[in-house]
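First, one chain by itself in structure tokens, the form predicted alone.
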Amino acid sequence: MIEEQLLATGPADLPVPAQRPGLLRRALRQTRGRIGLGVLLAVVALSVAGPWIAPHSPYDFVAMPFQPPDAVTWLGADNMGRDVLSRILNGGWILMTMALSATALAMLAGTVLGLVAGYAGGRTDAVIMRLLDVVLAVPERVLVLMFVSVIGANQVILTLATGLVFIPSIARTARAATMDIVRNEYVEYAEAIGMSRWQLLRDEILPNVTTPLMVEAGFRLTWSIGLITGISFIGFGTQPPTPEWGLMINESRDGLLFQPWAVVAPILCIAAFVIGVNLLADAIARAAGRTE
């Protein structure tokens, strides 16, 4: 890259953030990072393998409604008499796919908008950020509910809506990081030799803003999980009889006193997923902070 050429021929004190290697490695040296990664991998492994090891179909009626745990249903039955354990094992990958897809969509769009706004400045910056401010003006849950209630309550719409509401925050992070480095010597040199704007953004600026974006991705994934499960809980997300963890809590909440595992089990799974992501994201943020 251009900054590497400048280091070989130019001043030795040029700030080159992209040369800081091993962010994830530094994060995993922390206890919280190792615990977070371990919990996250355990939940992911359970969700991926779940449909193959589930004792029953998540849609079959195998017991009386709200039947307590027994030899056939290890975690009891839900409000319809379906095996709670089987629905837990089959429902994890649905939530993870939706949360990861929403986060990836938000990160892609937000990063592009933030890089363009931070580099271009002027009127381009003002137009992009003012349009994103319109989205920020509406609370995230209200905006998602508006989309799913008007367009339709399904997994695709909920995923797209969740990704949309996180774009402005990610764009602001990318813009701020871009503005910190856009006047560095290697960026000015790239402009002087005629490098195209898109190539400059891709090869010279993007590698130098990955650290704050990695931290942002971790926290946005956490928020995506909470938002998706919350919307599903109130009936505007995944629809019955899909075995999604947030929907399972809503379906069986009336039997909490009789068969608590139908509600407690998906809550514990969601909590483990969120805690794992949070701990890992926090470790990455701390590792990034020590390199500043």
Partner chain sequence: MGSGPAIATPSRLQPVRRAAGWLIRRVAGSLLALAAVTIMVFLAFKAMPEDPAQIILGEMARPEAIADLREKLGLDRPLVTQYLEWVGGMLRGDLGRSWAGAALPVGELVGPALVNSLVLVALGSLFAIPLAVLLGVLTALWRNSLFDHLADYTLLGMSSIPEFAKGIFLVLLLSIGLFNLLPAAAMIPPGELPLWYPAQIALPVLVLVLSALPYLTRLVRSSMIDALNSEYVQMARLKGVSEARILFRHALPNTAAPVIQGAALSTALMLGGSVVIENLFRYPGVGALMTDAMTSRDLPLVQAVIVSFAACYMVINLIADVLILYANPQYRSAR
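Keep in mind the model is a prediction, meaning the values are calculated, not measured. Positions refer to the first chain, counted from 1.
What comes next is about the form predicted together with the partner chain, which is not displayed.
> Do all of L136, R141 and R286 end up near the partner chain in the predicted bound form, with near meaning a heavy atom within 4.5 Å?
So, yes: the whole triplet contacts the partner chain.
> At the 4.5 Å heavy atom threshold, is M146 in contact with the partner chain in the predicted bound form?
Answer yes; at least one heavy atom of M146 falls within 4.5 Å of the partner chain in the predicted bound form.
> Please tell me whether any heavy atom belonging to R34 falls inside 4.5 Å of a heavy atom of the partner chain, as the geometry stands in the predicted bound form.
Close contact is absent here: in the predicted bound form, R34 is far from the partner chain, nothing within 4.5 Å, heavy atoms only.
> Using the partner position in the predicted bound form, report whether P51 sits within 4.5 Å of the partner chain, counting heavy atoms only.
No, P51 sits far enough from the partner chain in the predicted bound form that none of its heavy atoms falls within 4.5 Å.
> Answer for I267 alone: is it within 4.5 Å of the partner chain in the predicted bound form, judged on heavy atom distances?
Yes - in the predicted bound form, heavy atoms of I267 and the partner chain come within 4.5 Å of each other.
> For the chain shown here without its partner, which stretch in 51-59, 65-73, 38-46, 227-235 has non-hydrogen atoms within 4.5 angstroms of the partner chain in the predicted bound form?
Of the options given, it is 227-235.
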